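The chain below stands alone and is given in structure tokens; this is the form predicted on its own.
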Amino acid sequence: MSEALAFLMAHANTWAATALLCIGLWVVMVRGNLIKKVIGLNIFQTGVFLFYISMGYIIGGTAPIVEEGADAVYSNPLPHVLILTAIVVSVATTSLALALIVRIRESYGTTEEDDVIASDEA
């Protein structure tokens, strides 16, 4: 296996997280549909979750359960707990955003950002 391929495979989670972050950010910046923007934010959040979980992984690490006479390397559970909390916040944020988009659709008749801004200016 070549050295470059070995490097890519060793950091596959980081590359996947970076790709998700870039895709999510691109969708939020480029798309005008509000629902697509919420989907882009969810993709971005998934990239953040993957990055944090990857940072918390320790090769050869075990669950932090201390046993007598055991000499082991323990993984830090804090990143995983933080991501569980972030997932709950993400679901709540997504549901609130979609509820607001429904109200915008009822008021303006569209979910396109440019049309909503244009109708406000008129």
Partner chain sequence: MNLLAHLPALQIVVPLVAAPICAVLFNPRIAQPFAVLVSLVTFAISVGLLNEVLAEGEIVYHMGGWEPPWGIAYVIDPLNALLLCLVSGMAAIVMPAVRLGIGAETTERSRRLFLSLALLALTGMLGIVITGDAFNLYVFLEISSLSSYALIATGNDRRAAPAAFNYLIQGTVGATFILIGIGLLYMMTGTLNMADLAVRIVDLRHTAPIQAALAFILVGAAVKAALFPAHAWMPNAYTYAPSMVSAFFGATATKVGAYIMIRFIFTVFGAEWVFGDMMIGWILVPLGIAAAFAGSLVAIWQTDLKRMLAYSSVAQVGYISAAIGLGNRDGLIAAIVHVFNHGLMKGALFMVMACVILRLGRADITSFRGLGRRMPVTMGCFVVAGLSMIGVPLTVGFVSKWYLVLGAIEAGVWPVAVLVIMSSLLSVIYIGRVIEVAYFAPAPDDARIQEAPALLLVPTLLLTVLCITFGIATDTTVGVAAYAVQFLLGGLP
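Numbering follows the first chain given and starts at 1. From a predicted model like this one, the values you see are computed outputs, not experimental measurements.
In what follows, reference is made to the form predicted in complex with its partner chain, a form of this protein that is not presented.
If you check its partner chain in the model of the complex, you find a heavy atom from every one of 25, 41 and 78 within 4.5 Å.
At a distance threshold of 4.5 angstroms between non-hydrogen atoms, residue 93 is in contact with its partner chain in the model of the complex. Using a 4.5 angstroms threshold between heavy atoms, residue 19 stays clear of its partner chain in the model of the complex. Of the heavy atoms in residue 108, some are within 4.5 Å of its partner chain in the model of the complex. For the chain shown alone, residue 50 is not a contact residue for its partner chain in the model of the complex, no non-hydrogen atom being within 4.5 angstroms.
Annotation for 91-122: interface residues with its partner chain in the model of the complex are 92, 93, 96, 97, 100, 101, 103, 104, 107, 108, 113, 116, 119, 120 [heavy atom within 4.5 Å].
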